[in-house]
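Next up: a single chain in structure tokens, the form predicted on its own.
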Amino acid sequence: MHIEEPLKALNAICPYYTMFPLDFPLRVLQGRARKGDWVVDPFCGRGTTNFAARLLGLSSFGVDSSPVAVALTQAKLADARVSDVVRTAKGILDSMPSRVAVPNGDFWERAYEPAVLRQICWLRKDLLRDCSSDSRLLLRAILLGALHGPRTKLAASHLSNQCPRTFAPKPDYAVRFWRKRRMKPPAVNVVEVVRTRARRYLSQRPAYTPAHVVLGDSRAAKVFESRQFRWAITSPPYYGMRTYIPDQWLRNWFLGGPAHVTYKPPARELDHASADAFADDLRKVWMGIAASAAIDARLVIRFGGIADRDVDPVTLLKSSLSDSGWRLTTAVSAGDANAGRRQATQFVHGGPAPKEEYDFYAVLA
């Protein structure tokens, strides 16, 4: 089944620092999945597996502990026209009062032009109040993608001062960066940014397929409800990688989080205290999926390691599959995790570098 490139555009609605390419789940599912199959991703991230399932006409289920991940996955399963999304944005902004509460501090004053910040805050407030329609789900994801990113010489594509587009800059570093270069935030037309992005991602829309996304803990078997999955395709957090919320703190703020960076691990995060504890938590996830799996189900996992953890990812992942209800059949190298990665260069991320990744294939034991 050949999929036209414009139909894939929605997958890029908002960048995410850790992600696998769309071709990975498509390659697994094409020619093997049958009509009526359900696909699950217990660590859905930015929804790549779920979107691949939609492109192939398959139903899907996603779980993630990050509000940002869930918001992006929901958008990739939504269906609305460009005009619907733009009309929704205009309607919200038309109702904006003259006074709007905004976060205080040097970062916010230097990150956004005052009028733009007021509009962002009003859109945030209204979407927090109601994000039930598909046009609102897509508008929210478009704004998350536009919330920060590099400035361009042509039409504005982001709402912020110069920033990385993939991860949010830390406030102190960003302020020093902007102050040293005397950079001021641009006065951009928020609706036009929304319109441009909506046209980019929604010019062609894949057919709707039934799907469900949950903000939750995939270690709890009940999170998978009563669905029966034939395919599970996922990439769990790598052992020691705990910066998902800090790296996405601005987008997390837009979704109701604090207006500052918080480093406290979320309650639903896997246990990173030791490699054994981490493997035990992964085992709970695999067991929960096995309990909801069809008899001929397949589990496909992309997993790797990071440089500051001296743990073999292959050994760790194999340990997690032991007594999980799944039998490992194949483990192959997927290459260097940095290969082909497009990363913003305006700021140095400074986080742990990923090492080689591997693809693991398993069947029910």
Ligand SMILES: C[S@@+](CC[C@H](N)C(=O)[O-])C[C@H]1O[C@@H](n2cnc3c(N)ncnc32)[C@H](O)[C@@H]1O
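Residues carry their position along the shown sequence, with the first being 1. Computed from a prediction, not measured in an experiment: that's the story for all the values here.
Omitted here: the form predicted together with the ligand. The next part is about that form.
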Identify which of A279, L270, L127, V193 has a heavy atom within 4.5 Å of the ligand in the predicted complex; exactly one of them does. L270
Exactly one of S235, Q119, S135, Q162 has a non-hydrogen atom within 4.5 Å of the ligand in the predicted complex; which residue is it? S235
Decide yes or no: are W286, R298 and S324 jointly within 4.5 Å of the ligand in the predicted complex, with each residue judged by its heavy atoms? no
If contact means any heavy atom within 4.5 Å, which of 81-89, 262-270, 168-176, 141-149 contacts the ligand in the predicted complex? 262-270
Is M19 a contact residue for the ligand in the predicted complex, using a 4.5 Å heavy atom cut-off? yes
Does W38 reach the ligand in the predicted complex, with heavy atoms at most 4.5 Å apart? no
Just to confirm, H158 within 4.5 Å of the ligand in the predicted complex by heavy atoms? no
May I ask you to check whether T48 falls inside a 4.5 Å heavy atom distance of the ligand in the predicted complex? yes
For the heavy atom contacts within 4.5 Å of the ligand in the predicted complex, list the residues of 186-221 involved, in sequence order. G216, D217, S218, R219
